[in-house]
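Given as C-alpha cells, the chain that follows is alone and in the form predicted alone.
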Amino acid sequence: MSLIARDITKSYGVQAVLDQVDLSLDKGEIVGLLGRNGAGKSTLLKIIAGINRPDQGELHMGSNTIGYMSERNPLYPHMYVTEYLSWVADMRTITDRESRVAWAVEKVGLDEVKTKKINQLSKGFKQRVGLAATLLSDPDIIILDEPINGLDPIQITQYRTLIKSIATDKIIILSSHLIQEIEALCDRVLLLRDGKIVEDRALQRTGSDQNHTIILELNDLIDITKLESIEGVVTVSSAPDFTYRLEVQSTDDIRTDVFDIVVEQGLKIKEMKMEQSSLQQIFE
C-alpha cells in the first residue's frame, strides 16, 4: 500500500498555495505535516482526500480508500453519538452498519458516551466521534487535519495512544503547527513552507536520534583523526578553548568510545554533551 504525489501545484487567484509538491508514503507510517498557519497544509490534505483538485500534478494511490477528518470536525450537536455514526454509515452505504458502528465505538473508546447527545460531550469526546466517523469504512489512508487542536493535556495523551493503535496497517497523515506533537506521535515529518516541502525526515521513536552532535571540551589539544576513527562519527570540527564538535550518524551512544580515546591521549574531559537534532531548528 502506498500513496504517491507528483508535482502538486495549487493557486487561489494570484496566490500560490502549493508549489510542485512531491511525496511518497507507505503502509504503517504515521506522517506529520508540519508548518505555520497558511503554509498550505490543509490545502494539500484536501487534495489528497479528493475534496479539492490541483491545478497540476497527479496522485497515485491505487485502490486505497481514504478517510478524512477536517480541522473543524463538523458534527450534528442535536444527534446522539450512535445515531450520528449510523447516519454517516448510511451516507457511505456501509452494508454492515450496526456492526461497523459498534466496532468504531469500541475502537475509539466511546462506550461511556454512546447514548449521549453530541452537544453534551467534551471537546475530547467530540474529537473521538469525528475519528470514529472517519474509521467507519475502514479506510487504508487516514487524514487528520489538526486533530488535537483545543484538547487538554490528558486528552492529547489519550488521542496519541488511539492514533498509534490504528496505525499498523494504514497510512496516517496528520497536520499540526505544534512541533512537540509531531515529535511525540509521528514516525516521519514533512515540513511545509511557502507551499513547498523543504524537509522530509524520519523521526526516531526509540534510542538515541540517528543524527546528533556531541560537543566535547578538553583541557588540551587532541588528535582529531582519533575522534574521526570512531564508528558513526561523520565529521569533527574544532573551536577555541579546546572544544570539538562531532557530527554523528548512529543509533548507538558513542560517548564511551569518545571517553576511552580521550583517556588514551592522556587528556581530561571538562564537558561532554549530546545535542539531538531538533525540529525547532528546521522550523524556524
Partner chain sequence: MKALILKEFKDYWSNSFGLISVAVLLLLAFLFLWVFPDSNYLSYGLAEGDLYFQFFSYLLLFAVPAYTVGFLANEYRFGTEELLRSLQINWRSALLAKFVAALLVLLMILVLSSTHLYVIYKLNLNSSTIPLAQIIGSYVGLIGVGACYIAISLMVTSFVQQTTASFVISVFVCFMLFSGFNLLSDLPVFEGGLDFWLERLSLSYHADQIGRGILRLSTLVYFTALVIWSIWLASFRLNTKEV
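Numbering follows the first chain given and starts at 1. Predicted model only: the values in this text are computed from it and were never measured.
From this point on, the text means the form predicted together with its partner chain, which you will not see here.
> Tell me, which of R92, K107, R201, K123 has a heavy atom within 4.5 angstroms of its partner chain in the predicted bound form?
Looking at the other structure, the residue within range turns out to be R92.
> Only one of L135, L75, I156, L192 has a non-hydrogen atom within 4.5 angstroms of its partner chain in the predicted bound form; which is it?
The option sitting close enough to the partner is L75.
> Is there a non-hydrogen atom of S237 within 4.5 angstroms of a non-hydrogen atom of its partner chain in the predicted bound form?
No, S237 sits far enough from its partner chain in the predicted bound form that none of its heavy atoms falls within 4.5 Å.
> I'd like to know if T65 sits close to its partner chain in the predicted bound form, meaning any non-hydrogen atom pair within 4.5 angstroms.
Contact with its partner chain, no.
> At the 4.5 Å heavy atom threshold, is M79 in contact with its partner chain in the predicted bound form?
M79 belongs to the contact set for its partner chain.
> Quick one: is W103 in contact with its partner chain in the predicted bound form, heavy atoms, 4.5 Å cut-off?
Looking in the predicted bound form, residue contacts with its partner chain do not include W103, since no heavy atom lies within 4.5 Å.
> Work out which of the listed stretches, 107 to 115, 148 to 156, 164 to 172, 82 to 90, brings a heavy atom within 4.5 angstroms of its partner chain in the predicted bound form.
Correct option: 82 to 90.
> Scan 35 to 63 and write down, in order along the chain, each residue with a heavy atom lying within 4.5 Å of its partner chain in the predicted bound form.
If the 4.5 Å heavy-atom criterion is applied to its partner chain in the predicted bound form, 35 to 63 yields K46, A49, I51, N52, R53.
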